[in-house]
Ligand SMILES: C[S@@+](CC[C@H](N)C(=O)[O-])C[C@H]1O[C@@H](n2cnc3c(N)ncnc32)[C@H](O)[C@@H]1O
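Coming up is one lone chain in structure tokens, specifically the form predicted on its own.
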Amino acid sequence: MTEQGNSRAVISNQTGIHDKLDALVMRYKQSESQRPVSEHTRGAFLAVEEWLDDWQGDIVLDSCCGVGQSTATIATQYPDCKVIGLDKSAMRVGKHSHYQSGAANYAVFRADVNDFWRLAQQGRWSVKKHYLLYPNPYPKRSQIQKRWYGSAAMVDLMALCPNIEVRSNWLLYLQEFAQAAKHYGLASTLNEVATDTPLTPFERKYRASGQTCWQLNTRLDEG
């Protein structure tokens, strides 16, 4: 039996790439964030470092991992890496037990990713790949600075790793992400998600509702 869903497509009053995007990206790139790191996330970062236990290999991040279904799956794809899932919701992280894969190379933690990214880049982590799966699109035109690439968080995000995979059911989000990433010397490839195995519950619901899901992959632009 084919699964059916009722998820609504993203509705926005923005029809093309935001005319302030480039200026916002450059403004934040040339400034230093003054936002204080929350004590909760600082504590979570220490807990992650304790879990890593002086790990010298590569790390894979799954930011805003929700219930961590994606984190568990990614861990099986990167058996030689430590895979870390991050989400700010205690409720979602608390549901991860239903999605555990049994792999010993991953763990899920509650943390604010904006703060965590800054701490990780300050710690000079060796991040092999970074997943951003179905982030909140903040689709209103006035919400451009709530999207990661239009905010101060983009500086730390770009400093962590050039190999980023972003998935969304709103194509414009990925097109804007690609344009913002160009300012940091990254090239992008944009494709429809083709796998028959959804990576997250959101991906499952969107596709069951007949929506197209898109995948953006960034890398260093070597000319």
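We number the residues from 1 along the sequence you see. Everything numeric in this text was worked out from a predicted model, so none of it was measured.
Keep in mind that the form predicted together with the named molecule is missing from the display, and what follows is about it.
Using a 4.5 angstroms threshold between heavy atoms, Ala120 stays clear of the named molecule in the predicted complex. Interface membership of Lys128, defined by any non-hydrogen atom within 4.5 Å of the named molecule in the predicted complex, is ruled out. The named molecule is not drawn, but in the predicted complex it has no heavy atom within 4.5 Å of Tyr106. Contact between Ser97 and the named molecule in the predicted complex is not found at the 4.5 Å heavy atom cutoff.
Segments offered: 97-105, 120-128, 73-81, 133-141. Contacting the named molecule in the predicted complex at heavy atom distances within 4.5 Å is 133-141. Taking the named molecule as positioned in the predicted complex, the residues of 37-69 that bring a heavy atom within 4.5 Å of it are, in sequence order, Cys64, Cys65, Gly66.
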